[in-house]
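The chain below stands alone, shown as structure tokens; this is the form predicted alone.
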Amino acid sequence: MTSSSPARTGLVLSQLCRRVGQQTLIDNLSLEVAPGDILALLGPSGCGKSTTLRCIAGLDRASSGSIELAGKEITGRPPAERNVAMVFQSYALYPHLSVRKNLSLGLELRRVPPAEIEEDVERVLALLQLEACRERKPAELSGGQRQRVALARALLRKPALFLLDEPMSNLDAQLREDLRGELRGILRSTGAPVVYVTHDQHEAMGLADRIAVLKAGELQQLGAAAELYRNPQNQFVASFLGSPSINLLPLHPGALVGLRPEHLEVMEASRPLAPEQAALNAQREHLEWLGDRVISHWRVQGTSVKVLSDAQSRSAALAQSHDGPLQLRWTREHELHFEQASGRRIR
């Protein structure tokens, strides 16, 4: 695009709090997002992720703590002075305007020269493959196209920071999957830090460089997707990441053992156990076929347990048709241990 981008030194949140009455929505949240990086805020509804985004944008007031962007304190500034672009779940397009006019209107209000507006709009239309839609109204677009227009409008602002709040939650699963890689590439190409709010772990793991897992306004763990999955700090993080979710078995007094479904194997109870293995007798309940994979469901000591297997594996064959006694086996190095009361990881 023709105009120069602002200097960017990233986003820094320091001990950010947001309280409404007696309720704490964000509790001492500290995060940093470097230029060009994508940070996903992940967690269930009500965990504080959208409130965090609104505080960064200036739509909600922080009760305490600080927000710094591009080396400047912006905690008390109004939204219009923060140089932030926000993409909402609802797209927020003007229904009576064409795609081209939806994109150019903000530039016109900022008195950008007409030739520059034309060049920038055409470039972003090409980038997001929207050239054929330039004269259509939002009602004439698909959900994926409307999402692209909302993103294009944000890109035209050339902000110091992008904030995206569940931007693909209105799209069907296949379209979300198709857009995920494309969206990541576009956001990375801007060079600006990105904060992406989602409750969808697949979206977070597929898009973000790092993930911040939130629960009740508190940061539970921050790191790359692989680190959070393999080395969760507590039971909540272990349970929130992974599909099928982790199995939790009360095998020790006051403690739970976490076993990922892909780390379990179905075996005949008569087969000898290797020294590094552990096993439990299991009763088969039902199977889910997922094309090349199978999720088999078992009852183990009164607890429901899931096993994820390759559809052509011995585990899948035994789960489907074997009539004799069966066990679920695993290698002990794959065990994760948690305190049953607090959920904390036991090392």
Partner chain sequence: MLWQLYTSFRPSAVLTGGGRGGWTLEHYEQLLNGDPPFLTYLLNSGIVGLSSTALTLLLAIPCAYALSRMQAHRARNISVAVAAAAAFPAVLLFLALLEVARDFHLANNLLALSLPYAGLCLPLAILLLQAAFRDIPVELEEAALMEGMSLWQRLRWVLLPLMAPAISSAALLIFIFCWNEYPIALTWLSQADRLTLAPAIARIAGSSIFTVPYGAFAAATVLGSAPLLLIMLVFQRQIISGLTQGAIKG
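Positions refer to the first chain, counted from 1. Computed from a predicted structure; not experimentally measured.
Just so it is clear, the following notes concern the form predicted in complex with its partner chain, a form of the same protein that is not shown.
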task = Let me know the one among 210, 100, 215, 153 whose heavy atoms come within 4.5 Å of its partner chain in the model of the complex, would you?
result = 153
Contacting member of 67, 305, 57, 318, with respect to its partner chain in the model of the complex [4.5 Å, heavy atom] = 57
query = Is there a heavy atom of residue 96 lying 4.5 Å or less from a heavy atom of its partner chain in the model of the complex?
reply = yes
query = Counting only non-hydrogen atoms and a 4.5 angstroms cut-off, does residue 157 reach its partner chain in the model of the complex?
reply = yes
message = Please tell me whether any heavy atom belonging to residue 105 falls inside 4.5 Å of a heavy atom of its partner chain, as the geometry stands in the model of the complex.
response = yes
ask   = According to a 4.5 angstroms non-hydrogen atom cut-off, is residue 250 in contact with its partner chain in the model of the complex?
value = no
task = Would you point out which of 67-75, 267-275, 119-127, 80-88 contains residues with a non-hydrogen atom within 4.5 Å of its partner chain in the model of the complex?
result = 80-88
ask   = Even though the chain is shown alone, can you say which residues of 106-123 have a heavy atom within 4.5 Å of its partner chain in the model of the complex?
value = 106, 109, 110
